[in-house]
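Below sits a lone chain in structure tokens, taken as the form predicted alone.
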Amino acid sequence: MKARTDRVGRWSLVGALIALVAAVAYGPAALAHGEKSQAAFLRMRTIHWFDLSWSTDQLNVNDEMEIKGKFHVFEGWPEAVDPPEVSFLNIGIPGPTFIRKESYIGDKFVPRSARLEIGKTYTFRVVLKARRPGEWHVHPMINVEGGGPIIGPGKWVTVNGSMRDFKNPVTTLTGQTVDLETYNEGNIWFWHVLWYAIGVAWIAYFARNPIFIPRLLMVNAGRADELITPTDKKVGLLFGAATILLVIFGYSSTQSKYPVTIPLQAGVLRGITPIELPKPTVDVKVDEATYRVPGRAMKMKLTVTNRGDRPVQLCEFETASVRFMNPEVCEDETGYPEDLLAEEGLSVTGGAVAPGETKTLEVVASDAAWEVYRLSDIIYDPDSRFGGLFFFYDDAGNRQMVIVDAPLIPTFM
């Protein structure tokens, strides 16, 4: 019986090791991201992305592309999310399919975290270099300390070619040019294999005796002290001493080979300059906003005052990166992602607002995107409010942006 139990224990260990190796070796490709799973209030009331453009959606390995646009840090920033005092401009992609060459907020290079101000609007630009062929969903993204990643609209980008051709040459501060894709690859393999071998040897030593159930039985019988023998203690000390010596050797050899080093830069950049948008001459008051659950439609009653000298019309309502367009006034010509663009999703009753006039507009934003992107979940939030941007155009084609932050009431009829 004891021999059979020993065999069961050993085979259990072998099975666990095989499962671990398989989990490490197998990594299925993630084609898109989980922005739909983010809470609706987080997407509606934190960062609003607009005027985005992708320089291309077809490129080869080693080619570069640029994503640029603007984002507004929403005034109604939710209480449950830490303010964006430590924020990092990033790109949401499924793994290392691109490398980031440059990133800017305003005119400032931002290789590390920056401080953003609530209520301000910024321009941004990111330059990417294609690394792995395939079709990838590429998003701008801002990581906020205490708030997590806030993902912007994503666009499918196709990369052609072979990953074997990818090069990433850089010139170090000492004047040496190296390819980061393959630099010191042999040394990386050596240390990984060495530490894995030490770990496997440690497991193999202690797995030579009965494990799991026999050990549990001994502990329950009050014989736990017998599980660790004097030889086991000596072997443990040997492993510990060898590990310390390896660390000292690795550190000293690296220090002698690379005497010129600088620490990773981890400070927070301040003084990021926001852009000054023209003060709108249109005032908007949300008198009522409801979301009709069966119809996937949001209805708003707005009181709009035009203090300008030209008539204005409501062209677009943007929230959580979804753009609801009024086709009677304007249309998108930027190649915005189709799944986030409701080209005929905005209907406006009331028409143009003349100079000096105050008028009530009835606005309906309806599209399947409310359900597809789970924006309707906002009605189940304890603080049931929505946020977004209204874009008005006058008869000369001039645009004004108005920010909206108001309660949202669900209706189920």
Partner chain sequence: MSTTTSAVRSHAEAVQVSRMVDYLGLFILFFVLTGSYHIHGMLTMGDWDFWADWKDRRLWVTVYPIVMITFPAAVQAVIWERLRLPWGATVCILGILFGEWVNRYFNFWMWTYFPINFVFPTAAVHMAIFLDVVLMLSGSYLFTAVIGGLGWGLLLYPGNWPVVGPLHVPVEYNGMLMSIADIQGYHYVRTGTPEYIRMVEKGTLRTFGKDVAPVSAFFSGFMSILIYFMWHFVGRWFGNVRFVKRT
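Every value quoted in this text rests on a predicted model; they were computed, and no experiment measured them. Residue numbers count along the first chain shown, from 1.
Although not depicted, the form predicted in complex with the partner chain is the subject of the following passage.
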Practice task
Would you mind picking the one in Asp82, Glu331, Glu75, Glu181 that has a heavy atom within 4.5 Å of the partner chain in the predicted bound form?
Solution key: Glu181
Completion exercise
Checked Lys155, Arg296, Arg112, Lys301 for heavy atoms within 4.5 Å of the partner chain in the predicted bound form; positive is Arg112
Completion exercise
Assert contact_stretch over 335-343, 313-321, 282-290, 197-205 against the partner chain in the predicted bound form, heavy atom within 4.5 Å, equals 197-205
Practice task
Report whether all of Asn90, Ile188 and Ala224 sit within 4.5 Å of the partner chain in the predicted bound form, measuring from non-hydrogen atoms.
Solution key: yes
Exercise for the section: Give a yes/no on whether Ile272 approaches the partner chain to within 4.5 Å in the predicted bound form, heavy atoms considered. Expected result: no
Handout entry: Val144: touches the partner chain in the predicted bound form, heavy atom cutoff 4.5 angstroms
Key = yes
Problem - Proximity of Ile213 to the partner chain in the predicted bound form, heavy atoms at 4.5 Å - result: yes
Problem - Contact test in the predicted bound form: Thr305 vs the partner chain, heavy atoms, 4.5 Å - result: no
Fill in the blank from the handout: Contact check, 221-245 vs the partner chain in the predicted bound form, heavy atom within 4.5 Å, ordered by sequence, gives Ala224, Asp225, Leu227, Ile228, Asp232, Lys233, Gly236, Leu237, Phe239, Gly240, Thr243, Ile244
